[in-house]
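Starting off, we have a lone chain in the form predicted alone, written out as structure tokens.
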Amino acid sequence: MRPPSPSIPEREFLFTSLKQSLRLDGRQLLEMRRPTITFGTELGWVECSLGKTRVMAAVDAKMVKPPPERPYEGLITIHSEVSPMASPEYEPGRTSDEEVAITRMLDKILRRSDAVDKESLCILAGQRVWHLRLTIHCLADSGNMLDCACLAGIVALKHFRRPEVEVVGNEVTVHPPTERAPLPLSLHHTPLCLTFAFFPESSSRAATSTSSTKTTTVLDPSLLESTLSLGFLHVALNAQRELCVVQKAGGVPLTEDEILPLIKEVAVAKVRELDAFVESRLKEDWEGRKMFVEVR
């Protein structure tokens, strides 16, 4: 059973609060929820959360034969799953629009932006390459699952280690971790995603139409904010200020002068903070693992 839509008092209270630069969870308009990253016992298993939004990511690899048109490149596939465990809004056995949107955006951010060096996944040209499979499980939806899923996905790729392979002629030998330390993936950059939501200045029905010109912008919207927003702007970039993806599918119209400050002044600073946080958490995890297993 689907949850009821937000009531009129909830809607008016949210719009009135945003008009006064207040949010229901106490954050500033352009403030993110504090992220947390938890690593599993297996390399490449990560659970990330933004507030009460929780996403689990896992990476596994296997050797396959590459397609003939790209004999020197490995393969990367991304699969996301949003089950009713995340929210009653999602029905079992039926792919939701949210799940499709998350999968498409993750494909753009993590695969098409060449975050992973595909040529480094080649073992024997035209015969053997690594096939990486990134699986995203959305455990709890409290708003902005896309940013949480992107964070979990890129951290899982950075945390994953593949077995070392030795090639002699046409013979391929895979060394288990007990014999040789597994190798990290070769990453070109670390793209991270930020989501902005837009709201009208007034809570009237006329102001909530897409013809409204003056809007209020919030970063990292909660579930109620996501439900009542006029539209979203998804921005993916790395700590080197390289823009990977900008997507705005429908919603309120925005001018160039409204979008550029969000990217140059807000997104760049937030992504640098996230990148530093990811690197610190990875370093902490490696320091703990070196006591029990050799990692590179």
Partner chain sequence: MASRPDGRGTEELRALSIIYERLDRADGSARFAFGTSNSTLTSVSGPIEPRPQSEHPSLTTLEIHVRPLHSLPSTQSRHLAAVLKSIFSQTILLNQNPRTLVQIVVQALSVSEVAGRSGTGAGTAGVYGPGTIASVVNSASLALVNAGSIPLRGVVCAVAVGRPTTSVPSAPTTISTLVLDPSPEEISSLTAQGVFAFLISSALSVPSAGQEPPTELIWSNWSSNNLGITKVSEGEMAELGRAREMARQGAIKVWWKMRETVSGMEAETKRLPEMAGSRAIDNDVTGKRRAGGEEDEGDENENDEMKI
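Positions refer to the first chain, counted from 1. Owing to the predicted nature of the structure, the values given are computational and were not obtained by experimental measurement.
Separately, the form predicted together with the partner chain exists; it is not shown, and the next lines address it.
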Practice task
Among 109-117, 167-175, 129-137, 150-158, mark the stretch whose residues have heavy atoms within 4.5 Å of the partner chain in the predicted bound form.
Solution key: 129-137
Fill in the blank from the handout: Heavy atom within 4.5 Å of the partner chain in the predicted bound form, from candidates Ala267, Met56, Leu233, Val252, belongs to Met56
Practice task
Check whether Ala197 has any heavy atom within 4.5 Å of a heavy atom of the partner chain in the predicted bound form, and answer yes or no.
Solution key: no
Handout entry: Non-hydrogen atom contact Ser226 with the partner chain in the predicted bound form at 4.5 angstroms
Key = no
Handout entry: the partner chain contact at Glu179 in the predicted bound form, heavy atom, 4.5 Å
Key = no
Handout entry: Met105, heavy atom within 4.5 angstroms of the partner chain in the predicted bound form
Key = no
Problem - Candidate spot Thr217, Glu242 and Glu258, all three touching the partner chain in the predicted bound form (heavy atom, 4.5 Å) - result: no
Completion exercise
Taking the partner chain in the predicted bound form and a 4.5 Å non-hydrogen atom cutoff, the residues of 141-159 making contact are Asp141, Ser142
